[in-house]
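So this one's two forms of a single chain, laid out as structure tokens and tagged structure 1 and structure 2.
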Structure 1
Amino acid sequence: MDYSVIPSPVLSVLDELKKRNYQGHIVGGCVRDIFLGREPKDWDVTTNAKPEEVLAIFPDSFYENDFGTVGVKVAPFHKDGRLDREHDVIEITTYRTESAYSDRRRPDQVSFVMSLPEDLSRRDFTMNAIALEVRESDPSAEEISRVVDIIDPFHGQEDIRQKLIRTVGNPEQRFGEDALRMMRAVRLYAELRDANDETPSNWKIDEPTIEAAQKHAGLLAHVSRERVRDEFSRIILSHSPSEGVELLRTTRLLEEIIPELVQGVGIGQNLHHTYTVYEHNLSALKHCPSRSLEVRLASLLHDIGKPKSKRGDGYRSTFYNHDHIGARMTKDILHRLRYPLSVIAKATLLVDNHLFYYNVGEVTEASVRRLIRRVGLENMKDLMDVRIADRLGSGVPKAKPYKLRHLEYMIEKVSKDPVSVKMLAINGTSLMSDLGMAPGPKIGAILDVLLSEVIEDPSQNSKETLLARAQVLSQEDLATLRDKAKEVIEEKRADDDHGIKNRHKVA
């Protein structure tokens, strides 16, 4: 284990506590991450000093809760933090125990204690109940060297070695105190496991913990939807999101979060699918190429409307309008879980449009433009990722067949519109209002000529320059100029089209 990852501000905090004869230990997820060889994102310290004593030691600190946690502001040290941030925060919490959890969410009372083992005994999982004491090996030496002692009363190190997620003490008691711990166990499983390892040596939750979650899954109803949402999002964004969701189902927690997903269990599909609806949704999430929360949610929920829309049975069954039904269900589900409105709108849009039709040779540029207007150019890549997740989730060998590559080519072609009078700094209205020209085909002819000249020299594309040039052109015979303009425009269009086709590997 590499203790050199402990930042100097954390060591300084421990030193300041010790100078005043207080204990101080690094504890929690940061210790777990050190044992796992990962760089901790947050650093927590526990101490026998009371909150008011911690505030006195560290004037640049704040205390805004009822749980004995003081935030101490220190110089920035997180490598992945914002470059313009003024400080990072180390949280220092007084040793404490907790009384009964009447609402299954928070302790009725927090009591400060003087014993580190008592504090560790209240924590959720053994891997999070390890503490480190950092001390000087020779305080009188000129150069301070550090010795780290490990306090591990619940054998968290051994559980980490065995890749085992296990509660501290009785799992039923732990989950009865805070029901969200059941989801946290699943989240740790999804985050820690190797997505490519299907052997028994991969991370797992021990059986008593699984059984306790199955028995007490209903307690999750007492937890705020915001806390449930945050844990669910972390599962969705983990390395093993589909395995995490499946574990939520087997522990019966999914019925408390998104029961609509469970309704797809055992629902067969038609001749285009070998998986049940639930299996397909899970597989789509597994193969989603995007790290975006909205895209992963849409991949998981894209066929959520199929059980409601199913008509018939066997290979001839149909699911008409399941995309639109699923979009309404997605909106309701994400509202219920208190997702931000922007996340709800994006995921709903993707579910509603995931069945967009596209066949090479059948779909026109106009229909592609209509799709872009309906979905938004900024959302087209995300929609394509949902389509890829849908395809791979159906067991097909290719994520992006020729027709999807051709659609990408068409999207780029029509969205850039590289040879259009729209790129000019003036339009027909300008010619009529500024030059007094009458409406008619001559206006279009002049704009075509101006466009051909701007293609050759983009610096000419200013209102003043183009109006002056249009004034000259309005006095001339445009037949020859129009022919030349057409030649330049078509040549430029062909060059751009060839480049776009090459990028998307289409003929």
Structure 2
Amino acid sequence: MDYSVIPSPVLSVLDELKKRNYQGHIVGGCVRDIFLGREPKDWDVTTNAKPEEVLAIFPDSFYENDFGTVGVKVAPFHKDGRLDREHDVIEITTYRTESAYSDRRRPDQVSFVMSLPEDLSRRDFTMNAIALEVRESDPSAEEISRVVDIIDPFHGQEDIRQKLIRTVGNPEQRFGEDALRMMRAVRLYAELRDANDETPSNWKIDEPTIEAAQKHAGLLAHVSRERVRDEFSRIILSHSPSEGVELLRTTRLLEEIIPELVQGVGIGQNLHHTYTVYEHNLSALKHCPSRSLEVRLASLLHDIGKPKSKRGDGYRSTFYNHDHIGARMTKDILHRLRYPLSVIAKATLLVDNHLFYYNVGEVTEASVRRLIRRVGLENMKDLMDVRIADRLGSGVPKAKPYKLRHLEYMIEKVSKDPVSVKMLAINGTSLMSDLGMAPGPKIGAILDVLLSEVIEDPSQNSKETLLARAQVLSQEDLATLRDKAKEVIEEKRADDDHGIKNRHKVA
């Protein structure tokens, strides 16, 4: 085992504790990761010193949470951290057990215990319940060498060798105490398994642990949505996101997280698809080329509106409007899971626009500008990634990536053209100073009309032309102006939608 990966600030923390006759062990995910040869994400230390005592020993330390975990600030040592950060944090937790979780959300109280074995027994999985004791051996030797004792009462090393995720103790009881552990099992599975290994020797969850999850999946409803969200995000961002979501389904946990996805199970599509709606959503997630959370969520949810919009059966079924229905559903789902508003807005936008029509030769530069106006230039790359996920996940490799490459070229080409009010050659101030218009809502309405016209013909985007046109428009009343802007947008939208309609039959 390669213990040289233990960073020296961690060793110093252990030394400081020992100097004062406290115990100190490295424990949890980082020990698991050492045995797996993975770079640990964070380093956790457990001790018999009480939180106040830990705070007193380390001047640069602070309470991390309500459970008495103390964070100690040390010089940066994480290799993958941001270079400009001032410090890294080592988390020190006092040996403890968690008494009953009567509201199934939080332990009623955290009780400190005297021994390491008791602390290890409250941990979730055998591979997360291994502790390392670092001792200095033979101080007379020229170089002080470190000897590491492994404390592994639940045979976590053996389970790591067998690639088995297994609860410490009885799974039903452990899931009854904290239902989030069921999701953690799936998350660890999705993170640890080798995405390219289809053999039985890949990671798996112990059978009784799976069965206990199937039996107690309903308890997840009692867990705070934020905790559920965080584990779900990690599953989605792992190397095996679709296998993770499928395991959520077979353990019945998905029903408690996104039941709308389960509604796509067994829903056949039409002659252009070999997959059911659920299979296709999953396959799109699997093939999503992006590592961004919003894009992965959108890939998973892009066809979430299909079960609701399905009309007809068999080869001729249609799914009109599933993009917009799906966007509303996406918004509701992500709200429910307490995602930040920025994540919700982005994922919803991507689902809403995932059917954008694009055929080389058929689509005008103006319609590409309209698409950019609707979606935002900064979101175009992500929208294309959702489309790539959709296409690769369709099971029918109608590989036409040249279409997307051509669109990329068109986007580049029109990207300097005005697609937002900000990019017009005049602004509200010039309407007031040059035309003497009074401040008010009419200013914005005129700019909207100007933009809709400039999108059709960018050569009009000069100060003189726009001022002359604004002079004419300023004679109109506000309602007429608003209608005008809408008219242009909707008339053109109908053109674009005509293409989309054809896509609905195949997408």
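Numbering for residues begins at 1 and runs along the sequence of structure 1. Worth saying up front: this structure is predicted, and the values here are computed from it rather than measured. Rigid core here is just the name for the largest C-alpha set that superposes within 1.5 Å across the two forms.
Matching the description of the form predicted together with adenosine-5'-triphosphate (ATP) is structure 2; structure 1 comes from elsewhere. V27 is not among the residues whose C-alpha shifts by 2 Å or more between structure 1 and structure 2 once the rigid core is aligned; its shift stays under 2 Å. Core-superposed comparison between structure 1 and structure 2: the C-alpha position of L36 differs by less than 2 Å. Once the two forms are overlaid on the core, R482 shows a Cα shift of 36.8 Å between structure 1 and structure 2.
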